[in-house]
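As structure tokens, one chain now follows by itself in the form predicted alone.
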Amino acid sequence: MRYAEVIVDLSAEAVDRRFSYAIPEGMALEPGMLVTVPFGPRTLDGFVIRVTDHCDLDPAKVKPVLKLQRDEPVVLGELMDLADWMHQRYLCNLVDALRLMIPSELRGGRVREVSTRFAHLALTGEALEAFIAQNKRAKRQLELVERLRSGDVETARLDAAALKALEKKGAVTVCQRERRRTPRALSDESRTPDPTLMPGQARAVERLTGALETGGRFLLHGVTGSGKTEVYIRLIRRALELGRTAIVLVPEIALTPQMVSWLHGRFGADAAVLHSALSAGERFDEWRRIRSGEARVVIGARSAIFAPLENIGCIIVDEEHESSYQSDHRPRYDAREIAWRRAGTHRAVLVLGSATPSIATYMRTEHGVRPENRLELIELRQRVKDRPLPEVELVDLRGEFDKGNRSIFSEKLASELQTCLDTGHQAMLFINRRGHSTFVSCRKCGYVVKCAQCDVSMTYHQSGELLRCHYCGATQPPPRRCPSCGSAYIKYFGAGTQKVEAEVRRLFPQARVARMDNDTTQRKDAHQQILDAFRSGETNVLVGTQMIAKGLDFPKVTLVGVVAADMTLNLPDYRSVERTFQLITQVAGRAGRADEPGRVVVQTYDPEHYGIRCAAMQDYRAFYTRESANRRLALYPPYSVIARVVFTARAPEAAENAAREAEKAMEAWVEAQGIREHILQLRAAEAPIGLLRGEYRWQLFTKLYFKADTEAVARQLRALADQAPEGVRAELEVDPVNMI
């Protein structure tokens, strides 16, 4: 008797272990296969971890595997090992890591291959010509024959009567064949020629391709518009020539169509795309193309790092500084760290690319970093074709207010926008908040309309005339009178993308405006439709959130306006200055990427702030020097590690009590371990947003030296989270995506 050790597809700590099942006669199982097994009174899917001849249980009591879901392993051996590493590294259930390795709809058999009927021309050469001569009067049949000369066609797209007649005459055969569901981004069959490399690009390509034999880790730091993507393409091409494969990660689904277009234009059917905005069928079919080896280049957002590629030659993480590479739910993995590990396993080249690298990443290029943690720095200091960086002007909004300008546009930005439109160019306007007004308040008593389920103000959305909470999605109509004092003096404060769009339409009736934010990109392919319309000139002003701030390349954009540069500057997060610098630098880099020079207008109430001034000068090194010094003084990451356990409960006292009890237990553990000197802060406190989606939140906050045994501390915090009392949910976060 042979046995399969199976992890059942149930995310619960109590079942996070292997269960043994007997393998029925004639069933061939391998590790990585997906099976159906009995589990108590029900049946569950599960992943085969190991096949063995030995079982410690009484064979008579071992239940058999019921069904094999697919005839091949759905998780490659390397990805099985990766899941096990993630299980240890991110303190998650093993099944949570295994689920990431396959399309979610594959579990439970919710998606399958689809087939359709195709018509095939059965005659060729002289036989075909003779048939045509004999059937000259059957015009519809001959039209169909002409269509089939260039290849098989789905029968649903053909004249049914003509097809039936041709099939009866033996000129056409009809067969059932699999139909691939192709993402829209891969539908363009045009190919793109290679541009001439700049000297800096050529040096970068030479260094990176030279490392394909041995592997290596690199930071490609290039100013905006310096041609990093072309360097990626040349590296990928060389990897393919060596018989290897490649993964390209982008931080936003909005960037995927553009990157797919570039890579598909060079590599054709070798390119595949993976991201959450695909339909279930498209994602499944693309995954199968990758799994079979038909596609050797994978482009996608965070989850594409788990693509089932073998013999990986290079992994590229574009815009590596983006926080979206870090998952904000369990497993709380970082795609950059996964890329680092997979590259090491395959002895591949890892490239982290950005015009504004994160502080932690850039620090890895400096002397004194241990070899296993070090990145080799490659710099691209000039734009392609030696185009100048855009001219950036800071506008002090305090002066605008003194002049009586109450518009969200300064005189300078309004003037530049008028000139841009008059000359037939395009503009991008960036504000990192969606909606119309950021909050609604009573001018008499100061009451602010807040979400009843979350401790945050509600945002006014002009479309639909609703107040909406951007955390839980709750909506309500705006009040006509103040709920607190009854006053009718209700005012809408602040601005979001909707208000900017409305103001552009009011001031510039000739403008063709598009808006790109979470509200306008919910539909399938909405990102691509908005960007295609802007690229074609159908629209000439694009208003958006951070979706438009990085990576996009539009030759006709000569003006970028940063409507409110301070919006992210004073958030309660140690990375707020870094993120502000990155956003302004990145969005400014969208201007002047072709022959026409670019201009950028940055509106701010704090033009002297070093984060804003360095962004205006496009001076990363100056920013890095200042910001890293501040981090060192304040002992913030990367000079320390932050971890917290967030306790959530329906009753406020339940969340608070759980956090305070965990604090006591953690204090006792720290004393017992004798590591007090490694702990910088340890305290229970209310979370910055104390009420979220109707639940109260407290946290156990820990900050420790980066040289401390962070894994041991994290394990202890995870243990405390697992011991949360009934009615309290607890989540461990190490280096949280945000501190709110």
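Note that residue numbering follows the sequence shown and begins at 1. Nothing here was measured: the structure is a model prediction, and the numbers come from that model.
One more form of this protein, predicted in complex with a small molecule, exists but is not displayed; see below.
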Quick one: which of 362-370, 630-638, 217-225, 558-566 gets within 4.5 Å of the small molecule in the predicted bound form, going by heavy atoms? 217-225
Asp553: heavy atom within 4.5 Å of the small molecule in the predicted bound form? yes
My question is simply whether Thr196 lines the interface with the small molecule in the predicted bound form - judged by any non-hydrogen atom within 4.5 Å. yes
Since only the chain is shown here, I'm wondering whether Trp262 would be in contact with the small molecule in the predicted bound form (any heavy atom pair within 4.5 Å). yes
Report yes if any heavy atom of Val384 sits within 4.5 Å of a heavy atom of the small molecule in the predicted bound form; otherwise report no. yes
Could you check which residue among Ser303, Thr459, Thr229, Gln426 gets a heavy atom within 4.5 Å of the small molecule in the predicted bound form? Thr229
Selected contact from Arg593, Lys499, Arg289, Arg342, since only one has a non-hydrogen atom within 4.5 angstroms of the small molecule in the predicted bound form: Arg593
